[in-house]
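Here you get one chain, nothing else, as structure tokens; it is the form predicted on its own.
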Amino acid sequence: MNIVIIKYNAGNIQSVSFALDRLGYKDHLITSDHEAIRNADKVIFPGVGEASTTMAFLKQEGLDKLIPSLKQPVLGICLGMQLMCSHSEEGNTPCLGIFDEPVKKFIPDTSNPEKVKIPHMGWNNLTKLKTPLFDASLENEFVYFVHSYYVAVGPDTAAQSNYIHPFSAALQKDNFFATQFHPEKSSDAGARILKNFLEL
């Protein structure tokens, strides 16, 4: 299988690569080459970073036009998921518009001392799962999150979690899948989710 991880100015690419190695997919390619991305069987769009500077880089490389045009299964991770939405409050940034959802910043819940800290960092469970990314055994499994911004529950929500309030832990629309959590850092549950994506 021809798997591409999109290379751009965001962190976390190597940890995704290592996760694919552990699953036995050692021949994947990390690249920003348009032809290689377009010809891949599966595309992974990971990310840790800041929305406005990252979108500026994607525009500079023409990836802002390429990514939404892809027809094969695409998986966005963390910042990758947020950049696939319509707009982010981080830097007041217009994004790729694959999902018609805004990205908002968490507002601390001062009435609950356990939910005051931003970013949301740690293990939370997945509920209300949809799409082939998740099989029934993943309901209520715990996965790892690190984020200050979130997507509200909406029509493209494929899984929910809760921090301060319910939010989209995953999105799906047509061939585009995305997770706010880091499957590559989510132990066995994360490995199963990545494997489900690669077997679509």
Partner chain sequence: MLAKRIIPCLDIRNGQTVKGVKFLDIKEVGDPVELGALYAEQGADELVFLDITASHEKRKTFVDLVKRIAQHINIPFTVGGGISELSDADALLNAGADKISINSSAVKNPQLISDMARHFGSQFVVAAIDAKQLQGDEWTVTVNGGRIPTDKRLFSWAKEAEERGAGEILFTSMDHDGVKQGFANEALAKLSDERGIPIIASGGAGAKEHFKDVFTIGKADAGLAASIFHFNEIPVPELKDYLIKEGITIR
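Note that the structure is a prediction, hence the values are computed from the model and not measured. Positions refer to the first chain, counted from 1.
Another form exists, predicted together with the partner chain; not displayed. Remarks below refer to it.
Colleague: Please check if residue 105 has a heavy atom lying within 4.5 Å of any heavy atom of the partner chain in the predicted bound form.
Modeller: Close contact is absent here: in the predicted bound form, residue 105 is far from the partner chain, nothing within 4.5 Å, heavy atoms only.
Colleague: I'd like to check something about residue 163: if you look in the predicted bound form, is any of its heavy atoms closer than or equal to 4.5 Å to a heavy atom of the partner chain?
Modeller: Within the cut-off, so yes.
Colleague: Report yes if any heavy atom of residue 86 sits within 4.5 Å of a heavy atom of the partner chain in the predicted bound form; otherwise report no.
Modeller: No, residue 86 stays farther than 4.5 Å from the partner chain in the predicted bound form.
Colleague: Could you confirm whether residue 97 comes within 4.5 Å of the partner chain in the predicted bound form, counting heavy atoms only?
Modeller: Looking in the predicted bound form, residue contacts with the partner chain do not include residue 97, since no heavy atom lies within 4.5 Å.
Colleague: Just one of 153, 138, 29, 146 has a heavy atom within 4.5 Å of the partner chain in the predicted bound form. Which one?
Modeller: In short, 146.
Colleague: From the candidate stretches 60-68, 129-137, 171-179, 155-163, select the single one in contact with the partner chain in the predicted bound form, where contact means a heavy atom within 4.5 Å.
Modeller: Selected range: 155-163.
Colleague: Give, in sequence order, every residue of 47-75 that has a heavy atom within 4.5 Å of the partner chain in the predicted bound form, or say none if there are no such residues.
Modeller: Counting only heavy atoms within 4.5 Å of the partner chain in the predicted bound form, the single contacting residue of 47-75 is 48.
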